[in-house]
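As structure tokens, one chain now follows by itself in the form predicted on its own.
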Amino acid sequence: MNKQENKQAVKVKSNSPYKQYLLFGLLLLLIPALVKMGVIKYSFLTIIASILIYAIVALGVNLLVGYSGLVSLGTAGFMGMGTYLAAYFTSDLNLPFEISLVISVAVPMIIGVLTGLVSLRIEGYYLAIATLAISEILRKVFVEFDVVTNGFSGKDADYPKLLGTFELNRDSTFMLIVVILVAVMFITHNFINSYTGRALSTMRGSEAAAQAMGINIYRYRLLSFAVAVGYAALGGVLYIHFIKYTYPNAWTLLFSLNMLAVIIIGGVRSIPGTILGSFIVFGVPDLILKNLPVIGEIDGLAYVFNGVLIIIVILLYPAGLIQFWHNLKMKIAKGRKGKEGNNA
């Protein structure tokens, strides 16, 4: 193989993730049509949309935990903040959706940078507790600052209106979520394969080695927190404009733990693994288990079985379910090579 063919092979290989993300997005865009045809239940569209929104948030958590090596339990608070800000700006102040989106993501990111300052002095379990405290403070604000948040009554919003003219409905808002998810997957892929991503990976492996290589630990810690919080806030904006309702008790420690479960089950440091983990944690109970006989007929039993499933996955595939997919592809590739050898 000459140099030109080598370059083409490398180019095809490097572009393959983008093609996979686009194909995944195109398949998701078919779901509203399948719902109208009756192939998929009407209620499933809401569940799938929620899974995709949670996947966006989990991608941020994966960047923080998988690449920076920083543990955060504040995801729920920042996503909740995104929902309340977006609802307030669009419903109360009547700001355009685009302006509301920018502000609702930017404000939590600033707080995320301040949270990153905390990580400069503490880490590990202490950092997790500190971020949990910040999340609980935010949740308390959601309750007490009722002039903006309506307290325990929660906050309402509507489907977004793009450019002040195009009013979206349920199906078109779902498509918007899919487009944003694919865009976030592209951005995340570029981010982790850039100098910044390599710097974060080096920092996660050894901070001493990273500093010896001239990597500014403080700058990249702040950046990783800002990006993770930005993803969470973006997910919150999409959530409030699709689900159209938010309330304080939705943003608890359990939600943050579920976000960590998503990346552990799907696969740390893996974009497809994060999407897969979101489907397992948030989708399997409602999409599959609740529709099975006996399991679906008893309230709460579907979530018990899902918990058991998660434990089994962790025991069998500690690197995440994406490891199973990689192993399967290797076996298929070996099988093909074996057949080619026999034919030769």
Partner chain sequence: MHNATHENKSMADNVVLKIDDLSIAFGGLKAVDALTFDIKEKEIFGLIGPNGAGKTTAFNCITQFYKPDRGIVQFRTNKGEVENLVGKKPHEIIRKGLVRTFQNVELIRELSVIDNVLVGSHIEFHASVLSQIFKLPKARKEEAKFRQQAEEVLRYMGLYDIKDQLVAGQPYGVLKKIELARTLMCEPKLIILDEPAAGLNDSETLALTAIIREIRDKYNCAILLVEHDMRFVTDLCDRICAISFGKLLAVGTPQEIQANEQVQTAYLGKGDE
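A quick note: this is a predicted structure, and the numbers were derived from the prediction, not measured. Numbering follows the first chain given and starts at 1.
A second form of this protein, the form predicted together with its partner chain, is not displayed here; the remarks below concern that form.
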Original post:
Looking at I110, I187, M175, I137, which has any heavy atom no more than 4.5 Å from its partner chain in the model of the complex?
Top reply: I187
Original post:
Which of M213, I99, I129, I243 has a heavy atom within 4.5 Å of its partner chain in the model of the complex?
Top reply: M213
Original post:
Does W325 reach its partner chain in the model of the complex if we count a contact as any heavy atom within 4.5 Å?
Top reply: no
**OP:** Evaluate L163 for contact with its partner chain in the model of the complex, applying a 4.5 angstroms cut-off between non-hydrogen atoms, and reply yes or no.
**Re:** no
Original post:
Counting only non-hydrogen atoms and a 4.5 angstroms cut-off, does R170 reach its partner chain in the model of the complex?
Top reply: no
**OP:** Indicate whether its partner chain has at least one heavy atom within 4.5 Å of a heavy atom of Y195 in the model of the complex.
**Re:** yes
Original post:
For the chain seen here without its partner, which of 217-225, 70-78, 99-107, 248-256 has a heavy atom within 4.5 Å of its partner chain in the model of the complex?
Top reply: 217-225
Original post:
Quick check: do Y18, A208 and R269 each get a heavy atom within 4.5 Å of its partner chain in the model of the complex?
Top reply: yes
